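Two forms of a single protein chain come next, each set out by itself as structure tokens; they are called structure 1 and structure 2.
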Structure 1
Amino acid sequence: MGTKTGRLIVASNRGAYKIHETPQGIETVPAISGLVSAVEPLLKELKGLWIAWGGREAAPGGSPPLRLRVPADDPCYTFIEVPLTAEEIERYYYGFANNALWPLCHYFLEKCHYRLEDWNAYVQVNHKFSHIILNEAQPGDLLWINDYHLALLPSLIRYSKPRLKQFFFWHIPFPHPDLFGTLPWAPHILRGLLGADVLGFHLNSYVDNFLHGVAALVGAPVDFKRKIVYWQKRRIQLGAWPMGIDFEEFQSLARDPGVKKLASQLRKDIGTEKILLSVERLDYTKGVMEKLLAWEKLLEEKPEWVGRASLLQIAVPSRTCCPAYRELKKGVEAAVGRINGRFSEGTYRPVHYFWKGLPRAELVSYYMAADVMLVTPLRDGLNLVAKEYVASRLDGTGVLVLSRFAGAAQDLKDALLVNPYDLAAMVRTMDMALRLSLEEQEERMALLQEKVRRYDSRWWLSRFQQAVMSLEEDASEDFSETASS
């Protein structure tokens, strides 16, 4: 794909691989994130280019962008590295993206740091991306820009290549303007995004928040009903397209005899009647601490679970240079130590904690071994892990406990939905999950699987393609700013 004739060019802060320079040459290490899980399968299929930072420091002054064919074992698309200096990483990535936009969009206003130097670096890095993209893009290509790190990019590209088709997908929540407007540069971010032709979000509520933001902070005419913004003689179409996963891929991994063997070995190693599982990047938005406290309270209030149920917590290292993430790690590890100190008996451990990422096949074996999957973020744009658990349950059993504040809860209503801020409700729901009859598990899981199977990555891609096609049909029209608001 691309457009009818061109290629697909993906742009995002990070790509699917971290780049390391070793004495033997360049090494690529897989990166773990929702964006990678969502984007890479599509790019592998559609070929094309991925333009992103490789996760390492470039020398000031810098070298030309590195080009690699990836994945190393089966090269099928080109990765172009955007080199970032130590200062850019510090200010644009850790500073503005991770300490301003990320907490703001996840409703953690108290964690936001709004610094002019960080904003300036954000502007500079968006320019850097735009130069590299402008060098690569050819007539007929389609540019797919991802996420909050690159919000200014659409307008920068539009300015130099007004005809290049652009689709932007925002992977995290988009807050109401009452909150978003606290960012001193909020109007710049909104105007930057309006350079795209199509703007996608996971949920309708995020689309509505964006439209209200544009109306209030930019003053552009907005058609709320049709989800359209009129801006600089263009029509920008918005859409809510919750990302899907490759359901069949998870099912076929779950059918793999090697993966099945890993799952039964894991059950044996843990040794308890029930296993609860959590898998997430170690991020304060994911509610890891709140979940541990609820698990501790449950063991306290219902001692019948001591010795009979264990929680497996996979905490994938993330943004380890940010003080907030280092503090969180300390706090989580202290809580794990305390809970294990209080409730361990003989070989029984109430919490098995791993601070690492697992290979994909092993991850699926964990999904298969878990009676209960706890996905309890305090706020999450969507959450793919919840969908992956559902897709991996070949035998149709298992219980998904899902936060009401994960975007995925909108579709996965047959999970046990919970408010992670409500300790008593968390305790009650975890207890209920452990006791749910096989019959009710199967009933709920069948409904969940139906949803995840139907709204999978193919469905998501077809929404995306439809939006692109409508762009092509509209190409000759002139949209003057005549909205009904």
Structure 2
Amino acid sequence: MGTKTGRLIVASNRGAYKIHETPQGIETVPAISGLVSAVEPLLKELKGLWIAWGGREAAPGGSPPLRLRVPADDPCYTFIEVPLTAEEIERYYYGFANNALWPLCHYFLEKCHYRLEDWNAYVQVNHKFSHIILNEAQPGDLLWINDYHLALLPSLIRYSKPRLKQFFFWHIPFPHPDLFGTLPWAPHILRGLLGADVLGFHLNSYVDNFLHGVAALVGAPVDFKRKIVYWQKRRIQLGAWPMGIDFEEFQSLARDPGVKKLASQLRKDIGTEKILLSVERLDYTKGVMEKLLAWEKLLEEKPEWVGRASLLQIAVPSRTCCPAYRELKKGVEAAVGRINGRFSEGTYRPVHYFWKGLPRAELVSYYMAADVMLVTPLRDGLNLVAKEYVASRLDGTGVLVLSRFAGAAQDLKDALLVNPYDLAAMVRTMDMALRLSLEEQEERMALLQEKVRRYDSRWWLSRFQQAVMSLEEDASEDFSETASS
């Protein structure tokens, strides 16, 4: 991926490392995310740059960008920190990104807060990223921008470096223009994104929503069939490329004797015949409360599972500064306490709840220990946890219960698909998952694993490579050709 002579420059809100200041100096901690897993191997190979916020507060007067050669044990690419002040973090990150764009794109309009001061901070931070990128970018480089935090960045870069090739990937759902249009600055966001040469999304439905959005809110000519937008004498190509995981890495971890031992110990510690597992950030889009209510209803209606099945709920801390997330945590913990109070017997607990993140090897041990994986978000751009569970099932058994509103459901149709808003359907599907025969488990899992193996992170990256190659092939196309709108 990339050009013949240039480097790959990745820009995102968070990168591969978190930066902490300690009495001994700067400390870097590797970050765990699907983006890191997919992108970092490519950066290591191409010796590129990753430009991102490191997670710490910068001094109010501003700090120079920190440059680090990473990884520490074998430096092969450069991580450049974009320093953000406490006010920028509060207004750009917690304010506009997480209280406006995030709920809007996940169809939670009632949770949206559109504040001018947050928008202004969002503009300011996008400019801050652009200044650093413009200082680093060289002729022939390829810029790959990631996600909704940096939607203005493509046009800012385009204005100063019109020849720099840009790819943008939007990792969350892109909503219908009727909904997106409620954002006062929606046209600015769309025009910002149109600075890119190629725009990538997980699903065709997100691509279609974007195309209809730019046609309705910006007035750009659109070719819906070819998925092209014509804008400022350029053509912007759109594509749907659902993100993959490193299938072989998860298989390798699952074969590790230490990971197998952890999985075996976990089953002993839980002590029940069946274990249901749920792992997600504690976010209102993830359907944690709906899942707990369904589990409570199942134990009430099917008492034969009391003492025989437990739900292991891992809630990864998320955005704890936001009131909506603090309230969700209180509600979830109250529900866990109520369910355990109602159905616990002796050493049996129906819900084992942990508010923490897990290192990847330990997470794989949880996947291996679980008979049923519950991935039931109310809406999700894709969801990699579902794919990770499938990749970790070396013995070919296990049941994936997957929300119809997760982007991953488009490919993983052999999971047990469910509507998380339908309590009765959730109860029926959980019960079905617990009773599914080994023969049907193996049949479904084989089909799921084939999909996850085929459309892995390497396939995902190859889509970008093809898109970038097409930029040069199509550079001479006549932009006067007809575009239907």
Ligand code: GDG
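Rigid core: the largest C-alpha set superposing within 1.5 Å between the two forms. In this text, all values refer to a predicted model and were calculated from it rather than measured experimentally. The first residue in the sequence of structure 1 is number 1, and each one after it adds one.
- By the stated condition, namely the form predicted on its own, the second structure is the one that fits.
- Core-superposed comparison between the two structures: the Cα of residue 40 travels 2 Å or more.
- After superposing the rigid core, the C-alpha of residue 31 moves by 2 Å or more between the two structures.
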